[in-house]
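This document starts with one chain, in the form predicted alone, laid out as structure tokens.
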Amino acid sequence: MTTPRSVAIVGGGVIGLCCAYYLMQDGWQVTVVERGNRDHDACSLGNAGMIVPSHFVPLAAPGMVSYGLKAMLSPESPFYIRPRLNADLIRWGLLFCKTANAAHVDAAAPVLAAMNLASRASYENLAQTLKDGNFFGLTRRGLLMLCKDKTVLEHEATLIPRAKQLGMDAQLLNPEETAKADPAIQMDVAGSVYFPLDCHLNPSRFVQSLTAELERGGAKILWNSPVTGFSTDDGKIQCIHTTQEDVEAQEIVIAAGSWSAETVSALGLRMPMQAGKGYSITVDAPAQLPELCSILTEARVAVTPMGSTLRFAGTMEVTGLDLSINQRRVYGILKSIPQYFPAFQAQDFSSEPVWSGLRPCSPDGLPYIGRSARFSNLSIAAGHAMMGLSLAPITGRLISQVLANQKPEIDLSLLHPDRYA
């Protein structure tokens, strides 16, 4: 009888769980090492829950540097970098500036589009094949990019030909057509761009479903087990040391979200990454409940119906591994909502708790996926920024293909984890 191949995955967020799921499906004996407890509040849980083929432009894009500098002047803006003398932050910033150009967007867009479309197909499959079925509420009604300003709407419309070229429909809608697309909510907008292929789901329920599926399949999940170090020999990782126990496996996958760079630094690896903090507020009894998810484009706020609740999520604060809540930034989210949805008022959110999470951001806006050259049994799956949930299933599939020494279904050359080494 053949001994099962063994793999240890550091990180029990949605990326790590998807890697674990597809590796288990491929016959691997899986151990997940998670720093938090069973109810750990990873960045996976409180996010906007969107699957977004429409988001094929990476974070590092033309105009983002100037936008970021202007946004830093306002304490309520959607984007902020806390100035500090930190070598990693300075290096990340310089790399971001170098990458934020049209050539990079042209190269990255087909990869992000292909990954998002593949993930969407995987979510449809998971809704049918997981024992819990569509417990996570996959909803395929599309996404509206809602614009207050006609100039902003015109800019968003310039992406429509590129979207169609990449294999997805996109439609420019005037105010009347926008209202007809989602009559369940009153809107005050100049128009929108509609992406029919985008979807949404409940991320917390998806994580619950995956965790249950892994445990039913015999995977071992070590909770409350921060990694403290590694033992290496002859170009391989021999053992992962945690606060609870040592873990040995033939293959190691680092999928620790915003803590991934810190984790691999113990192995002498350099993987530029900054944590981008975001907030969300979930309203249990909203004044109105839209049927589609949407982006309040100028405010950079995501809006997602989840069952009978409505979630608003936004901001990108680069402040280190810091989960504290900046109320001025939260207020910036809340005050923008009535500008697009007049049925809402500020007091609608006064009693709702604020959630914060850390998105792992690479300097070029692309994830790190693949084998590292430093250790023959080390692979990375991290750095997905705002698209961790959207890209999780395809990331898991790609990692399973990498570990099986198969040709990945998507070209990983732009995503190589050693690209800044």
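In this text the structure is predicted, and so the values were computed from the model without any measurement. Residue numbers run from 1 along the displayed sequence.
The next section is about a form of this same protein that is not shown, the form predicted in complex with a small molecule.
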So, Ala163 and the small molecule: in the predicted bound form, are they within 4.5 Å at any heavy atom pair? no
Partner contact for Ile380 in the predicted bound form: the small molecule, 4.5 angstroms, heavy atom: no
Can you tell me whether Tyr67 touches the small molecule? I mean in the predicted bound form, with a 4.5 angstroms heavy atom cut-off. no
Although the partner isn't part of this model, could you tell me whether Gly396 comes within 4.5 Å of the small molecule in the predicted bound form, counting any heavy atom of the residue? no
Among 23-31, 382-390, 58-66, 364-372, the stretch whose residues bring a heavy atom within 4.5 Å of the small molecule in the predicted bound form is 382-390
Of the residues Thr263, Ser209, Thr178, Asn202, which one places a heavy atom within 4.5 Å of the small molecule in the predicted bound form? Thr263
Does the small molecule, in the predicted bound form, lie within 4.5 angstroms of each residue among Ala48, Gly257 and Trp355, using heavy atoms as the measure? yes
